[in-house]
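Here are two versions of the same chain, shown separately as structure tokens and labelled structure 1 and structure 2.
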Structure 1
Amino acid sequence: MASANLPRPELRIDMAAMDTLLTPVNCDGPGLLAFPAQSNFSGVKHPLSLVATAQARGWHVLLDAAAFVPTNRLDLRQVRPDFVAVSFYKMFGYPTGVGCLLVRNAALKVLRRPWFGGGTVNFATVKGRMHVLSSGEAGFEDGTLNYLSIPAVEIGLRHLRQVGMETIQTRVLCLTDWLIKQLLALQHRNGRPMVRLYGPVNMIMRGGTVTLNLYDPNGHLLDYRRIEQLAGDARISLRTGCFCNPGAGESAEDLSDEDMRAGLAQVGAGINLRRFMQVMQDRSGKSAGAIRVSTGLASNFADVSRFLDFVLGFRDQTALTLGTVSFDIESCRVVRDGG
């Protein structure tokens, strides 16, 4: 297994390196290229032309469209990946809470599943030590589907169609562009920048995800976990951490193999996120996470303006003035305010 490079500062796929990775697969079987149409870390929209390029070289392609389709139209007649992952919750929110994996019939035929879960078999026997999977997609649907939420999918899709994907896309573009420009202009009174943005600083091939970290007047990183806690007190919902995307986070902060090995060597088997973050801070001043805000269907100017005002509240503040947070060591969840 190999991963593509995401060069800083924009964190777009290194297409030359990707071309090398996508050498024609060998006779042992087809390879699988998995990539997001839009990064949930940086907001970068990766080129959908990768789908046809990889397939022409004998690869199957899994397109993660979860962050893309809430604000962009995906025409599967033009872009034809073998597998597409979608989250309806991200498209129109509660009460759906469901997603789907779209699989082309030709790709489904090559899948081989050596185990089974509830609801995926037509026949199973303990004495005979065998089972017969249900045919088609039913052989891959473990357990009972969330049938109470499924009707909301049709309602949500109808709502998106009524609003218009182009309208949503324009709103997201305008709000995100304004927010990025305002954040990059923020400075402490000594002239040092307050914000470090990860990913593109314009709206060329990027979506409504804005990921950043805040720094104090001395250039020291402010703990994103404390920022999240203060945002919660202000009734602002932020996502912090690596967003289930450690690869992009490591690229954004230029965390190297050597950094990872050093962290493991110092902490060993007892490593967790809190301990690793401390090692990275002591070692190189790097972060192992960030702050993420997102604009979408329900976002308006009042939302982004309020977040900007919240960030402005950290002008000239240091980690000492912000206070600290205490954690459950194993889960790294905030348990109380230590400030």
Structure 2
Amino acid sequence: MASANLPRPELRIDMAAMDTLLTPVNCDGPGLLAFPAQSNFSGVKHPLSLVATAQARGWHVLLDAAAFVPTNRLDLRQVRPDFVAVSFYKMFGYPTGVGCLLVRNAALKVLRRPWFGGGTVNFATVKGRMHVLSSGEAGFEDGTLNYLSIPAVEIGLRHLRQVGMETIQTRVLCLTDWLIKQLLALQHRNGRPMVRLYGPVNMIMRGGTVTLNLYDPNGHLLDYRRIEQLAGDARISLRTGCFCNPGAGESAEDLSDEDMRAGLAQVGAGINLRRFMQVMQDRSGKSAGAIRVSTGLASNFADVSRFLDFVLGFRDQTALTLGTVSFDIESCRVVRDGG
């Protein structure tokens, strides 16, 4: 397995490096290129032209559209990935736990499933030691489908259509652009910036995800876990940590192979994000993790303005004045050992 570079500061796929990675595949079967249409770390929209480029070289392509489709139209007549993953609650908030994997018929044939669950077989025998999977997509659906939640998907899709994707897109663009500009303009009294933003600072090929860290007047990182805790006190629910994006986070903070080796060697098998963060901080002042805010269908100006007011509260604050975090962000447990 290989992964593409995401050079700073914009964290867009390094297309020259990608060109090298997408060499004709020599292995038994075709290779699989998986990439997000929009990064849920940086908001970057990666070029959808990669789909056809990779396919022309014999690769199958899985397009992760989970962060893209809530605010963008994906036309599958134009862009033709073999597999597309989407997550419905990200599109209209409900129901959680119901997503879908769209699969082209031709691509379905290359999928192998060595096990089976209830409802996915046409025939099964214990004594005969064999089973026959249902044909088509049914062979990949384990157990009873979530039939109580699935009807909500149609209602949600209708709601999206009624609001209109163009309207949602315009709103996201305006709110995100405003928020980014305001955040970047924030300064401590000594003129030092309060905010460091990861990813593009304008709205060219980017969506409504804004990822950042806050710094004190001396340029020292403020602990995002403490910021999340204070946000909770202010009734703002913030997403912090490394999200589901360890790779993008490492690129954003320029965590080197050496940093990673040092971190892993120090904390060994007992590694978790909290311990790893501490090692990175002590070693180089780099952050393992960040704060993420996103705009979408349900966001309005009051939301972004309130978040900005909250961030303004950190003007001239330091780790000392903020106090230390008293819970473990990864497991939401109270921190006892302080380690």
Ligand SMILES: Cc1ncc(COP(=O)(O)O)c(C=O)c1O
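Structure 1's sequence is the ruler for residue numbers, which start at 1. For clarity, every value in this text was computed on a predicted model and none was experimentally measured. We call the rigid core whatever largest set of C-alpha positions still superposes within 1.5 Å between the two forms.
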Practice task
Have a look at both and say which one is the form predicted on its own.
Solution key: 1
Exercise for the section: Determine, after fitting the two forms on their core, whether residue 95 shows a C-alpha shift of 2 Å or more between structure 1 and structure 2. Expected result: yes
Handout entry: Threshold 2 Å Cα movement between structure 1 and structure 2 for residue 83, core superposed
Key = no
Exercise for the section: Inspect the rigid-core superposition and answer whether the C-alpha of residue 178 shifts by 2 angstroms or more between structure 1 and structure 2. Expected result: no
Practice task
Using the rigid core as the frame, report the C-alpha movement of residue 116 between structure 1 and structure 2, one decimal, in Å.
Solution key: 2.4
